[in-house]
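Below sits a lone chain in structure tokens, taken as the form predicted on its own.
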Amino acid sequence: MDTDPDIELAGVTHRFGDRTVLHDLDLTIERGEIFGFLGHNGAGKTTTVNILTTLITPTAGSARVCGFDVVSQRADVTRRIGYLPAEVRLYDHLTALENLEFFGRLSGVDNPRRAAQETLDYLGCTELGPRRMAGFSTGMRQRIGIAQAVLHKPQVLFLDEPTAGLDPVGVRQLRETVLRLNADLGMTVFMNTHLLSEVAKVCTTIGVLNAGELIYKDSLEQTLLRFPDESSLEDIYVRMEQVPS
């Protein structure tokens, strides 16, 4: 049985000019995990995801996704991942179904029309298919964005601040979708967020990034055992930022 990790970063450093945003980052995510990557805005979470999704090249170190190097084997990586950015970019003049069909063609999905409809049905948003995207709420756009990201049934799904701008109903729908994708398809999920309270309801493992350095990583279960005296999960988050690396 193949037990190789789905995500591996070794000594990853990234600089924008003279500013170092990631410092010698080591991180391993096993297959089937739902990983919550926590950190305040500017901590380096999105830069990490951009490296893992092949959008940018690390200044130093190496990263592998599904066993493939994100620099030298970029095409192999992109075929196996799905990505929902913080800002969902879809075509407002097309219907939701047409958007998905278009992206399915770009991804080389067999019978993109059928795959698009099946994905809408699976995610419980069939009714959105024939509607044009213009005028969609943030939550509705998010649901179609997730459909686009999983249309080709990726092995790893990356979500960048997926709860931003969502109302409580949208947050719950997102949570249920992530759990279902993981349970039904064994999909590994890497989720950037600053909301530990939401992570606690979804993730199996968490990591905390502070000023470009990984200062904490453990299972959620062990995290809650380690901080039994805290009255809220947000307090745990604050304390983790004070744990020495």
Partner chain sequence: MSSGRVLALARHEYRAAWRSRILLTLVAILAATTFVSVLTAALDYRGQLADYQAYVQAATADGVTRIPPSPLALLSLLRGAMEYVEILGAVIALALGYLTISRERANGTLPLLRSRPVTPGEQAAGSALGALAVLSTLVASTAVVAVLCLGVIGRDWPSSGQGVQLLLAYLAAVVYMGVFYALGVVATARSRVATTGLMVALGVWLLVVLIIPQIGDTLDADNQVPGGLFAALGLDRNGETAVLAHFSGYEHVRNWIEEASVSKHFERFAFAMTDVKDKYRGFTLGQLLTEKRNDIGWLAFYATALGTALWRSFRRVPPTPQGGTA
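Nothing here was measured: the structure is a model prediction, and the numbers come from that model. Residue numbers count along the first chain shown, from 1.
Below: the form predicted together with the partner chain, not depicted.
Student: So, Gly42, Thr47 and Asn50: all three within 4.5 Å of the partner chain in the model of the complex by heavy atoms, or not?
Tutor: Yes, because Gly42, Thr47 and Asn50 each have a heavy atom that approaches the partner chain to within 4.5 Å in the model of the complex.
Student: Could you tell me which one of Val171, Leu90, Leu97, Met140 places a heavy atom within 4.5 Å of the partner chain in the model of the complex?
Tutor: Only one option qualifies, and that one is Leu90.
Student: Does Tyr83 make contact with the partner chain in the model of the complex, using a 4.5 Å heavy atom cut-off?
Tutor: Residue-level check for Tyr83: yes, a contact with the partner chain.
Student: Check Leu55 for me: does it contact the partner chain in the model of the complex (non-hydrogen atoms, 4.5 angstroms)?
Tutor: Leu55: yes, in contact with the partner chain in the model of the complex.
Student: Closest heavy atom of Phe103 to the partner chain in the model of the complex, within 4.5 Å or not?
Tutor: Contact check for Phe103: yes, within 4.5 Å of the partner chain in the model of the complex.
Student: Taking any heavy atom pair closer than or equal to 4.5 Å as contact, tell me whether Gln155 reaches the partner chain in the model of the complex.
Tutor: No - in the model of the complex, heavy atoms of Gln155 and the partner chain never come within 4.5 Å of each other.
Student: What residues in 15-31 sit within 4.5 Å of the partner chain in the model of the complex, counting heavy atoms only?
Tutor: Those in contact are Phe16, Arg19, Val21.
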